[in-house]
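In structure tokens, the next block holds one chain alone, the form predicted on its own.
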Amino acid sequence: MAEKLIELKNLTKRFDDNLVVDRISLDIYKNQFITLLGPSGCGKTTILRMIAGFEEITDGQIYFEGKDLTKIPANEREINTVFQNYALFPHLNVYENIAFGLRLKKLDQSEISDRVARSLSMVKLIGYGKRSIEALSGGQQQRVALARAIVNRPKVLLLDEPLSALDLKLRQDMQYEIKDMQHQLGITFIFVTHDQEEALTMSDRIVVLNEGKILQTGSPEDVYNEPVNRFVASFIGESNIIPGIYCGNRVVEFFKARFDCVDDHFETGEKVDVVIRPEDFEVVVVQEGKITGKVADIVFKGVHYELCVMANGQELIVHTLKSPNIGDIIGLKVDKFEIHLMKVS
């Protein structure tokens, strides 16, 4: 089992009368890429800032390798942060930006040069040391900010929405590079984002937050396939949420039909929310489908078509490689392993 590095215990933060973080408890392990995911205002950046030491804790504790961090100032924690705006020094060149923290530690010049060179290599900026910050693109500035953080060899790297200012293609490229960098460094990354795709692509573990509370923690696969409530199901990717009744013996009824399922932790007759992802429907001829619907709209998404289908008075989103016509009546099938049941919120 992975070794515990950071423990958050009943962590709470208030700004005046506004409760931003509400008694959060969370264990973070060594060499893990963990993502705090949620909408704006959910408390994720505040949690990051409390771990870094930039924000005072209202209540609760943060333990680092078993030691209480509460009274330890930010500059004495073995933690570095990459900020959303990068916070680079415009009057210093790339080399000096990266070397800045090492000079504060009064390391000798040979070690500084060696560490800066290794960091530049890791972020693929060899030969950029003498460039000015203003001469760099947004993606290159992002790499300099990463290099400045990792050059100090922290045990934890905090990343506060570091890709939000980049264009789509560069953001996708950097997702893979940051994940690869974390593997190479073998340190813990705590990443904050509101972007579900980033979280699913990069994380070993996702913590979904809303209104200062943790709603679900798990692997990307678990959070995507087994959401615990409507908020998580809707926030992590697209979901069709359909009212149903659990019939017992792993059978659920919705749209006036009965379907086999794999969930069994419900009472017979209990109302449930049925979650089916758009890609899990199979479009078939009417005679083969347990669900019948009318195609109301079609959007071509490049690798698939997105259908808006009206079935039993509810709008369903369906992803398919087939291209029916608007107004067509179609059948829909769904495998029992693609039906997920949730408690009614």
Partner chain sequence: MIVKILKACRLPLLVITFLIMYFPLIIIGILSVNKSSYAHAFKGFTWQWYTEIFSEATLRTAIINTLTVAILATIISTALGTLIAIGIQALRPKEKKRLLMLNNIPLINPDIVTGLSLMIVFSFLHLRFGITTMLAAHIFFSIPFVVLSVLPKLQSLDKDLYYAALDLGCTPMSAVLKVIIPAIKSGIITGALIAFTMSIDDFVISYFTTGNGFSNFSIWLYARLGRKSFSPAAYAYNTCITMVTFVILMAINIKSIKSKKGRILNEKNSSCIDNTTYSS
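It should be emphasised that the depicted structure is a prediction, and the values quoted were computed from it without experimental measurement. Residue numbers count along the first chain shown, from 1.
Keep in mind the form predicted together with its partner chain is missing from the figure; the text below concerns it.
- In the predicted bound form, none of the heavy atoms of residue 188 sits within 4.5 Å of a heavy atom of its partner chain.
- Remark: residue 183 does not count among the residues lining its partner chain in the predicted bound form, judged by a heavy atom distance of 4.5 Å or less.
- Of the heavy atoms in residue 81, some are within 4.5 Å of its partner chain in the predicted bound form.
- With a 4.5 Å cutoff on heavy atoms, residue 224 does not count as touching its partner chain in the predicted bound form; it lies far away.
- Here the marked residues 230, 313 and 339 all miss its partner chain in the predicted bound form; none has a heavy atom within 4.5 angstroms.
- Heavy atoms within 4.5 Å of its partner chain in the predicted bound form belong, among the stretches 107 to 115, 198 to 206, 238 to 246, 73 to 81, to residues of 73 to 81.
- The partner is absent here, but in the predicted bound form a heavy atom of 135, alone among 165, 135, 257, 251, sits within 4.5 Å of its partner chain.
- Residue in contact with its partner chain in the predicted bound form (any heavy atom within 4.5 Å), chosen from 172, 234, 268, 85: 85.
- Of all the residues from 94 to 115, those having a non-hydrogen atom no more than 4.5 Å from its partner chain in the predicted bound form are 100, 101, 104.
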